[in-house]
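Listed next as structure tokens is one chain, alone, in the form predicted alone.
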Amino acid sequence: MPDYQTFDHDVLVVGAGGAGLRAAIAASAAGAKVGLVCKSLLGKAHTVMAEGGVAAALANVDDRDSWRVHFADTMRGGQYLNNWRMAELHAREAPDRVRELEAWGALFDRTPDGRILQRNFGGHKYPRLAHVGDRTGLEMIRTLQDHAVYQGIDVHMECTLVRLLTDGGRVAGALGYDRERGRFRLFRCRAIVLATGGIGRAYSITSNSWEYTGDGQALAYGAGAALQDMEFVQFHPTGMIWPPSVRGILVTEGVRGEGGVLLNRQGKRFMFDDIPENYRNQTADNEEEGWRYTQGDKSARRPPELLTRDHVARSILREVREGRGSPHGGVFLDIAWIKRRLPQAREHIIKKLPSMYHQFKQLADIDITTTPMEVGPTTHYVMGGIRVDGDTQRSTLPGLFAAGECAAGLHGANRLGGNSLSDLLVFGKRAGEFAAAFAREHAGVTVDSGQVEDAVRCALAPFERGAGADGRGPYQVQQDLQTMMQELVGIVRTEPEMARALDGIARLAEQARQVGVAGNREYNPGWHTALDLPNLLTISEAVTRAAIERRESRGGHFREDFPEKDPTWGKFNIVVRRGSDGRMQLSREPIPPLPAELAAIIEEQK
């Protein structure tokens, strides 16, 4: 067995995006010795790609906003499958977390009187997203990272975990490897916070970066923790369509928040044709009122382009399927039309959407101030993930915590735009604090050398098999999985197609177990991909099985064979656990009833 370096920490945080950095800061502030592991370089977390803003009821633009309205919007957007305690804490604490970020140096856009500016976003009743142009995630990471580096946190960059280690039914540590040199690292700790992000790389068209291979969800599942709501995958309505090399890259919802409209190939603003009944009284039915809303008219209703993401994505898919799509299989997103309304439209667009302007100019040679963008749905976010306690972010495995996208509960069946960044701040802080408290209150544990050796042996197995035995390497298996998930478990689902996907996942899992790689452990991306495959296959199976189980359509989960929402299913979360035989087991867990005071808020906001 090869040698490995050993590191000792009170709390190990896995992931250096917004949730991971905020958790590390909180744990360190609580007196814990903290280690921070990130798959890429520090500062390159996927959070930097979040563009629109941080949702928080600061009420700086519209004084009618409050945590109560934000809570009701989040619950309605999540189709009431949310962990209501998380939704309450999130709405209450998000304003303080944003002000805290500002105190640490974040430079937000400003109102004329100097307060943090907020913009409109889909599903939010009032302008609520604090933003820095369309580069909010980048500013968040810059600020959190600057604050974290002075906390004395040990950072392990370009390191990937391959297994969580347990002792007596609780977390004892983790085994990872240095991606550059291929050397193993053993982390001994008393508590772990998983903040590894999403699962988008299980699909072929995604806005997610290469790191998003479901590592945290799969690691937790393999160690015995429960997953929840895995059927709910959000397809952002607007990703780039053309050229093919950039297909799926995100086009922020902020474009629509600033007045951008969706048009089919006939030039028709099709979103007016299909406004859901439960949003009809909040949605404008004509262009004039929608425009007044984007300009801050408090008496106006929001334009239909700012309906929830699941609805907009399905509306775009309908236009494409019925032959009214753009030349490359999407629709048109037009912000240039506001030149009819604003005398300085070009300057306004470049100021408010600088990243979008440069993104389309550099990648597609399109000037968005004069030309509509071609956009279409892209796999963007998973509402499901590791099942956690609403207050502490503790998973069902003692000593293991989770925050951010890899944790389930806050968003229910569908996430509202902007709630992801405030989620990172609110629950990253809570996860770090409670992980530090757990580490302080519980004695150290013993790492079983047998578990370590088994994990090392499994990680090195692709080298023993060697490359080219059957002509199929890890990249081919990954590509086949992505194509299959996109086609069979995508925006619109049916049971026969998903049953085919399950068969395909089983076949690809067998191929993954036979995959071999050539060369050595240094600078070997083929090996890295081979080690990602089990995680991708695990979360793909969880998504597919949960989607088959939920025989209704709700939020990000749309069944063509069960197109209606079923009130019976609104009472359960689907929970995924690893059985004693190693097979995936599903159960329906009842959602605790809302306390009377929160139920009253929802009724009041209706």
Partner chain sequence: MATETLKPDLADTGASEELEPPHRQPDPPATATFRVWRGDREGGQLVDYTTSVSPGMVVLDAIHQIQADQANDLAVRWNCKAGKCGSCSAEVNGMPKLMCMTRLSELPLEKPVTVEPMRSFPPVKDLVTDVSWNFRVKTRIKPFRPRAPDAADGTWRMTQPDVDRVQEFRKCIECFLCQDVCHVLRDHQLQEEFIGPRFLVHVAALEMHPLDVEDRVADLRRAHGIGYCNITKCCTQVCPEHITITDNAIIPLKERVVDEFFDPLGRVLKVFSRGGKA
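Positions refer to the first chain, counted from 1. Remember, predicted model here, so these are calculated numbers, not experimental data.
In what follows, reference is made to the form predicted together with the partner chain, a form of this protein that is not presented.
### Query
Among 374, 258, 73, 532, which has at least one heavy atom within 4.5 Å of the partner chain in the model of the complex?
Only one option qualifies, and that one is 374.
### Task
Note which of 321, 507, 115, 513 lies within 4.5 Å of the partner chain in the model of the complex, where distance is taken over heavy atoms; exactly one does.
Looking at the other structure, the residue within range turns out to be 115.
### Query
Within 4.5 Å of the partner chain in the model of the complex, do 108, 142 and 266 each have at least one heavy atom?
Checked in the model of the complex: all three residues contact the partner chain.
### Query
Just one of 97-105, 191-199, 404-412, 79-87 has heavy atoms within 4.5 Å of the partner chain in the model of the complex; which?
Of the stretches listed, the one contacting the partner is 97-105.
### Message
With a cut-off of 4.5 Å between heavy atoms, is residue 40 one of the residues that contacts the partner chain in the model of the complex?
### Response
Yes, residue 40 is a contact residue.
### Query
Using 4.5 Å between non-hydrogen atoms, is residue 51 touching the partner chain in the model of the complex?
It does: once the partner chain is placed as it appears in the model of the complex, residue 51 has a heavy atom within 4.5 Å of it.
### Query
Should residue 500 be counted as a contact of the partner chain in the model of the complex, where contact means heavy atoms within 4.5 Å?
Contact check for residue 500: no, nothing within 4.5 Å of the partner chain in the model of the complex.
### Message
With a cut-off of 4.5 Å between heavy atoms, is residue 480 one of the residues that contacts the partner chain in the model of the complex?
### Response
Residue 480: no, not in contact with the partner chain in the model of the complex.
### Heavy atom within 4.5 Å of the partner chain in the model of the complex - qualifying residues of 474-509
Sequence-ordered list: 474, 475, 476, 479.
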